[in-house]
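Have a look below at one chain only, the form predicted alone, in structure tokens format.
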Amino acid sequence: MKSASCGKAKKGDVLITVSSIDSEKVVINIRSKVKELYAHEIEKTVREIVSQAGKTNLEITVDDYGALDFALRARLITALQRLQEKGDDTDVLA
């Protein structure tokens, strides 16, 4: 199983880990102190980016430390690109 990550585990940031899986689905795990308030919006953003990239077969772990939406988007796109560099032959948001 290949995986890649982007971000830092510090206040105001988000650490995203993306792993390829054998299943034809996208599994999203969210860890955040404010999960009850923002998990729906985080998941919506993650699914939007993954859909735009045309990706499936992924497990995505989002460790949120108070990041804003633009940071979440940038970290996820970078993690997907890093995963691609490890051997996935499809373009990410090309």
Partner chain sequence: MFWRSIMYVPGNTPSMIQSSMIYGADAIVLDLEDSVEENEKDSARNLVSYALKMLDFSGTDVFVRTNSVDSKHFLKDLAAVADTCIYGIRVPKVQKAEEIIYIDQSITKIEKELGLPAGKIKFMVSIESALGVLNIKEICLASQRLIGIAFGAEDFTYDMSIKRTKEGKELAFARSVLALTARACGKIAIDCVFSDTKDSEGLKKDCETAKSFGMTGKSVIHPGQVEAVNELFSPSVQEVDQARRVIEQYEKLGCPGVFSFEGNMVDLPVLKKYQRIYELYGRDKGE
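Residue numbers count along the first chain shown, from 1. Given the structure is predicted, the values throughout are model-derived calculations rather than measurements.
Keep in mind that the form predicted in complex with its partner chain is missing from the display, and what follows is about it.
Taking the partner from the other structure, its partner chain in the model of the complex has no heavy atom within 4.5 Å of any heavy atom of I21.
Interface residue remark: E43 is not counted as part of the site for its partner chain in the model of the complex, having no heavy atom within 4.5 Å. Contact between K2 and its partner chain in the model of the complex is not found at the 4.5 Å heavy atom cutoff. In the model of the complex, L68 approaches its partner chain with a heavy atom inside 4.5 Å. For the marked spot (I28, Q84 and G87), a heavy atom within 4.5 Å of its partner chain in the model of the complex is absent from each of the three residues. Residues of 5-29 placing a heavy atom within 4.5 Å of its partner chain in the model of the complex, in sequence order: C6, K8, K11, G12, D13.
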